[in-house]
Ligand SMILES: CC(C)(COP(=O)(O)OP(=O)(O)OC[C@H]1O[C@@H](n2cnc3c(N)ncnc32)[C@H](O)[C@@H]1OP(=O)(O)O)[C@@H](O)C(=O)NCCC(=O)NCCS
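Okay, here we've got a single chain as structure tokens, the form predicted alone, with questions on binding and movement later.
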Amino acid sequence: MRLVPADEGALDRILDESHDLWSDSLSRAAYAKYNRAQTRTPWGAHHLRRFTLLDDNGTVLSSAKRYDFRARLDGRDVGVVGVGAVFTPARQRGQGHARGIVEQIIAAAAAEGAELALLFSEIDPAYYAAMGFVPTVRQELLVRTKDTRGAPMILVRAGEERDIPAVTDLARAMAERHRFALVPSEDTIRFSLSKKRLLAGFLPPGALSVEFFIVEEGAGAVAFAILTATCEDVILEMCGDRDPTGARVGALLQVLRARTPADPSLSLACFLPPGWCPPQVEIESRHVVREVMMTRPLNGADPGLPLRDDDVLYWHGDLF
């Protein structure tokens, strides 16, 4: 069995079979454009690749995406290989090919110096636990802003390209407070925004909106929030605040709520940093997240697994 980058023919076969699972309501043509466009972004072109596992006849046995990240673990930067979209064609299932492609991707990354493998499992974690992955179970929150009259006196505006460096600094400051977090860079922030905007662009008009807001003081951004909304829910994809209490993010959310005072207040689904919640926000409910983060040490690294819920920071926008 050979691990090779997916060529156009193999990618088309993969997308044909996986469309019903992962298309997010995109048409088959839009699904293909969405996948290809992600690999043509500045970050995706260098850090996101799709691989296939082939037999001696060139038959696709399994496929997966490889992401290359940097993460902060116990105060130092480490290389991380992310594995996502593991897919085995129906006629090839039950023969260990999914495990084979995961192991080969991880082995290649370890040879390049990666110290940790990372994935988000939507299936029974026991499958990946048998491969040496250790789960970290986090809780997803439903939150809403507390009722107020009017909006706070802060300047909130749409985020722009010129804000990306300041937003990256804010995101890094949030990440540094935790034992483990993916290290945000300007290109990862751009990629996260681009990925959501591409999805919104390929969906029917109005199906998904992507909003990027800044709290500005003086001449710079001091807080930000990225949200996505459908007719059914609103997700706080990521946020950051110079204020350690999160008060500016809370005020930003109050401003957004004040735009439509006659409408019922909507809950926001989110992951918040452990022990961090803006004072203007209340938590309505918690539930165990469906996509379980799982990690596996490489190259003899000893990260002290398992990572606990309160050790870890990742956002909805980090899921892959």
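Residue numbers here begin at 1 and follow the sequence given. None of these values were measured; they are calculated from a predicted model.
Quick note: we don't show the form predicted together with this ligand, though the next part is all about it.
Visitor: Using 4.5 Å between non-hydrogen atoms, is A111 touching this ligand in the predicted bound form?
Guide: Flag for A111 set to no.
Visitor: Even though this ligand is not shown here, does D77 get within 4.5 Å of it in the predicted bound form, heavy atoms only?
Guide: No, D77 is distant from the partner.
Visitor: Does any part of E122 reach within 4.5 Å of this ligand in the predicted bound form? Heavy atoms only, please.
Guide: Yes, E122 lies within 4.5 Å of this ligand in the predicted bound form.
Visitor: Find out whether any non-hydrogen atom of R177 is located within 4.5 angstroms of this ligand in the predicted bound form, and reply yes or no.
Guide: Although this ligand is absent here, R177 would stay clear of it in the predicted bound form, with no heavy atoms inside 4.5 Å.
Visitor: Just to be sure I understand the contacts: of T148, S209, Q95, T245, which is the one whose heavy atoms reach within 4.5 angstroms of this ligand in the predicted bound form?
Guide: None of the other options qualify; the answer is Q95.
Visitor: Among R99, R197, R172, R144, which has any heavy atom within 4.5 Å of this ligand in the predicted bound form?
Guide: Selected residue: R99.
Visitor: Only one of 230-238, 154-162, 81-89, 199-207 gets a heavy atom within 4.5 Å of this ligand in the predicted bound form; which is it?
Guide: Every other range fails; the passing one is 81-89.
Visitor: Mind listing which residues of 12-34 have a heavy atom within 4.5 Å of this ligand in the predicted bound form?
Guide: In sequence order, L21, W22 come within 4.5 Å of the partner.
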